[in-house]
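This document opens with one chain alone, in structure tokens, the form predicted alone.
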Amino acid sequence: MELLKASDLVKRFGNTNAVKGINFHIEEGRCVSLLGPNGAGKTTTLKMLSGLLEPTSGSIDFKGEKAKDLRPFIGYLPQYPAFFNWMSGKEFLVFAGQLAKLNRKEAEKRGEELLERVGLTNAKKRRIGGYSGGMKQRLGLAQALIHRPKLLILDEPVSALDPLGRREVLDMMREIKEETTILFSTHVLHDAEEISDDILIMHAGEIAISGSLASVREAYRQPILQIELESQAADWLNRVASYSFVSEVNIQGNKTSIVLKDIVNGKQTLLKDIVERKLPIRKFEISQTTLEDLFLKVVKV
């Protein structure tokens, strides 16, 4: 079931078009990753969806809700969350709950539940100023969930964390997505592949690719031949690029990735070439294009 639909969404800042009439929808119960390089329009898009920025034009429809203010249905965690460092973790969640129109008793009960869920029960009375980066991010997640939103929006939730903190937050996101729809932006493509159901790739303010992770992989998957030689063979590799079954050759020192249109013919012909030319080979391996390969191709367009 469709939870949110963005239609012809535009955001201009002066003469700059940050978001250029994008269209997409988010299905209920899905985890969606928003990918793109810096300046692609990801944060601007998330802020419009969360009600923090007014679109220049276009519309955002939320599951038939007619209310103009969608914030009661949305939980939002910015890339760099701000806290009152003199507050304790529990005090902050109670404060956030009351801002979300929970009464004091409800806010305290919900705060205790979330502190336990994000692993901060033992630190609930400590001042936030003494929390680590990972602890603050987990507290930010609890704040975004305090009013039981239907959509949780996270802007680069793990970008500033060390490997341990990143793993903690990803594990929590994996649990949360079982009960709440998630939309999150990230630069870490491995994270997107690990926990996402759907992806949106933005470039220069536009949606370049969208769909389920499985369908995007299938639509853009291409066989790649990974070759590593003991010495460079520029003349041969230049010849390889002219073969009809080759669509792309990427050379990095002695390592070469060859994108093939015809895997059978390509593998046989290139292996025969290597043997006949007596090229010293370390690696000859077939693989598939990854989400990172697709991302880089979109960004270079």
Ligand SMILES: Nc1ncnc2c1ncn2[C@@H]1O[C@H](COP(=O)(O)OP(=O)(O)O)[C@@H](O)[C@H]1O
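From a predicted model like this one, the values you see are computed outputs, not experimental measurements. The first residue of the sequence shown is number 1, and the count goes up from there.
Below, we refer to the form predicted in complex with the named molecule, which is not included among the displayed structures.
Student: Could you work out which of Leu49, Ile258, Ala40, Cys31 is the residue within 4.5 angstroms of the named molecule in the predicted complex, going by heavy atoms?
Tutor: Filtering the options by heavy-atom distance leaves Ala40.
Student: Are any of the heavy atoms in Ile22 no more than 4.5 Å from a heavy atom of the named molecule in the predicted complex?
Tutor: No, Ile22 sits far enough from the named molecule in the predicted complex that none of its heavy atoms falls within 4.5 Å.
Student: Using the partner position in the predicted complex, report whether Phe13 sits within 4.5 Å of the named molecule, counting heavy atoms only.
Tutor: Contact with the named molecule, yes.
Student: Answer yes if any heavy atom of Ala18 is within 4.5 Å of a heavy atom of the named molecule in the predicted complex; otherwise answer no.
Tutor: Yes.
Student: Within 4.5 angstroms, counting heavy atoms, which one of the listed stretches 239-247, 272-280, 258-266, 32-40 is next to the named molecule in the predicted complex?
Tutor: Only one stretch passes the 4.5 Å heavy-atom test: 32-40.
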